[in-house]
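As a starting point, one isolated chain is supplied in structure tokens, in the form predicted on its own.
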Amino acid sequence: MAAGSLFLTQFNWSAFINALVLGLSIASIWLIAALGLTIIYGAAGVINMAHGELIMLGAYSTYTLQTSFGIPFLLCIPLSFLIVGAIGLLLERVLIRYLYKRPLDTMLATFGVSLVLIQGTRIIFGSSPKYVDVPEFLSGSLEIGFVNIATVRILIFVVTVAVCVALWFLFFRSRFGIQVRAVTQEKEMAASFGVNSGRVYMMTFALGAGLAGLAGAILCAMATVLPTMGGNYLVPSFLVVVVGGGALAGSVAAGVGTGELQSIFAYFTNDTFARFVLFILIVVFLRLRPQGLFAPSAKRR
């Protein structure tokens, strides 16, 4: 086989359009995994190294709700959001609240939490892979013309769009959103207007954790549930957040851009080489624009 054939596919319009559609699916997966991290980092400045394990807890919550209580998969999604959100609330009250404005300590502490969660999950559930039952309509694929996409990927896309819209309303059209932006931009001034910054940080961390749990509940429909599964989503999540500049709109743009580039490069080469090229491009982009796509409008206090 010639060397060039390893890195170049004969162009075909129908296959290329399918690659673009798949790119939106990849973007949805990366974005829904990154949304909770974006909120926690953007609002509280916390680099949560246990984010992948919160995604993993969402998947195990879905598995437990199904096997122990017989709850349908679609109902497990909001319940996993509540369960992992409660775990995030407890984590913030017990540990994170003492580490604000200490980013290095926060990284080390949350990394330790991630190890505890992995080992704790192994003790409770074992290391063998678990599988989640999904409705029959999510097991097939939808074919529109020459475009073919798995229905579970459509579900992920729909949920991601719905969550993004809900978050936009929450942060830009609600009293809580005004408080979050006030604390983020000028904590002392917000306090003078009666805004409790500690409560805002607590609720924001719980919301971000809950979104990680929701991501795990969705993603386990197309992935094996394992104690170490969170690591597969941690790096893409960080890339989306960093490239987006820590803002919700930036993460959406970064998720779509990186997902489409990954799919396009994979179409012309292969998945491994595509990720290599994508990471190189991200490094070059951050070298030229270290603040990301959407620079913060004000300095976090």
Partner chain sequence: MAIDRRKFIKNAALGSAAALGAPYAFTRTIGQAWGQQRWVSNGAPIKVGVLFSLTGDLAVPEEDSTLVLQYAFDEINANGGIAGLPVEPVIVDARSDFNVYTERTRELILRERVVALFACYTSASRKAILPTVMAQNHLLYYPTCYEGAECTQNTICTGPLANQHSKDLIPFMVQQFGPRVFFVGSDYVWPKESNKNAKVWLEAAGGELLGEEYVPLGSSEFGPVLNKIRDAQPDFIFSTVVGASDIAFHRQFRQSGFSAEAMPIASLTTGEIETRAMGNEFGAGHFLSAPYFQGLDNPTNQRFVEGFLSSPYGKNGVTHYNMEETYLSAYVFKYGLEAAAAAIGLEEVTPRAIRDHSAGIRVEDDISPEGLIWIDENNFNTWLKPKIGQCQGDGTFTIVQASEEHVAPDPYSIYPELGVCTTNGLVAPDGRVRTNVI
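Fair warning: this is a prediction, and the values are worked out from it, not measured in the lab. Positions refer to the first chain, counted from 1.
Below: the form predicted in complex with the partner chain, not depicted.
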By the heavy atom within 4.5 Å rule, which residue out of L82, A223, V195, L74 makes contact with the partner chain in the predicted bound form? A223
Just one of V163, L91, M203, V134 has a heavy atom within 4.5 Å of the partner chain in the predicted bound form. Which one? V134
Since only the chain is shown here, I'm wondering whether A150 would be in contact with the partner chain in the predicted bound form (any heavy atom pair within 4.5 Å). yes
Wondering, does S68 line up within 4.5 Å of the partner chain in the predicted bound form on heavy atoms? no
Counting only non-hydrogen atoms and a 4.5 angstroms cut-off, does T228 reach the partner chain in the predicted bound form? yes
Given that the partner chain is not shown alongside this chain, does A86 nevertheless sit within 4.5 Å of it in the predicted bound form, heavy atom to heavy atom? no
Determine which one of 247-255, 264-272, 51-59, 34-42 lies within 4.5 Å of the partner chain in the predicted bound form, judging by heavy atom distances; exactly one does. 264-272
